[in-house]
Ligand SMILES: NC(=O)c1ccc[n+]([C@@H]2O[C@H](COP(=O)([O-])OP(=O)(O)OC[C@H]3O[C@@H](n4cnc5c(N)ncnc54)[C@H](OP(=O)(O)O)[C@@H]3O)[C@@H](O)[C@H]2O)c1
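The data below hold one chain only, encoded as structure tokens and taken in the form predicted alone.
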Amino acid sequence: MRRRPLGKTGLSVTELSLGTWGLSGDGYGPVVESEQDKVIDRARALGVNLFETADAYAGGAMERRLGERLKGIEDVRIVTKIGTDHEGAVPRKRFDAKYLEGAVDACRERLGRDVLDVVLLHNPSKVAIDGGEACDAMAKLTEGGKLRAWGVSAGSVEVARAAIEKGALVISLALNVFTAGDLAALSSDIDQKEVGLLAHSVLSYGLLCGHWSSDKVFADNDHRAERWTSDELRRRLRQLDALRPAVGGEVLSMRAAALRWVLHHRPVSSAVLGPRSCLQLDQLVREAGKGPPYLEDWALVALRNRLHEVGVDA
């Protein structure tokens, strides 16, 4: 498994990492515990050394599971996220210093680690970043030795840029062929500050696998049921025609083309995968290829031109 530096954190991470939101059962429906264990164990067997989670996933159960499965294994890095308070009747975002300090201690307990590798603020607003309290609290926790680095899982370019200006060393950003403009807008900030970049949503929640029909219907417990309107989904499915010609030779599927497109970008430290089974994980690792070039230069240029033709800024 190839490795890349996580910015200037001093951590070396595998270019493919295991994200656990889907595995937790929160995003797409339940996954039996035995299968969760198998996927985590399989990721380790394949050489993955970076695992991504959040204190909100399955109410903290996913952190505890990772802590148990990865206990005592050297050179394993865990990125977790905090900032969602579930104590009230309705979950709410909280980024005040007192709450964040308590959340970090709870993560340390569940993960079974005195020092956390990376903790990200989980989808804060720009107001929360600009206010400074959250970033100051995370910097203080880092200086106090409770975590090695802090950062932000950002929902927009504006939030990511503000976080970088406040000293975030790691940014998690949705990155796929449909969101290429966000990385283009942030690339100079990432380079200048030597920020580690985690790319999530690399398959756009399964859309880029190219398996759905125009009348696709999602289950009620699947977050995708509310992510796109019917018209938006049909538009995205039509835009997938731009990706289809990238399949061929060593690029075995649209899924492979989409993943390789992400890995091609030099600022990316790791692409966060979201498999819910060992079969899905094995397919993704195999189709990522043997290393650069992930896609040939001519194929990248042709793909960019086709995306532009269907209204995607790539």
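Quantities reported herein were computed from a predicted structural model and do not represent experimental measurements. Residue indices: 1-based, along the sequence shown.
The protein also exists as the form predicted together with this ligand; that form is not presented, and the subsequent description refers to it.
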Among the candidates Leu237, Ala184, Cys209, Val157, the residue which, in the predicted bound form, approaches this ligand to within 4.5 Å (heavy atoms): Cys209
Of His122, Arg113, Arg148, Lys166, the one that lies within 4.5 Å of this ligand in the predicted bound form (heavy atoms): His122
Does Glu63 make contact with this ligand in the predicted bound form, using a 4.5 Å heavy atom cut-off? no
May I ask you to state whether Val202 is within 4.5 Å of this ligand in the predicted bound form, using heavy atom distances? yes
For Gly274, is any heavy atom within 4.5 Å of this ligand in the predicted bound form, or not? yes
Is Trp261 one of the residues lying within 4.5 Å of this ligand in the predicted bound form, judged by heavy atom distances? no
Out of 262-270, 241-249, 37-45, 281-289, where are the residues with a heavy atom within 4.5 Å of this ligand in the predicted bound form? 281-289
When this ligand is considered in the predicted bound form, the residues of 1-38 having a heavy atom within 4.5 Å of it are Gly19, Thr20, Trp21, Gly22, Tyr28
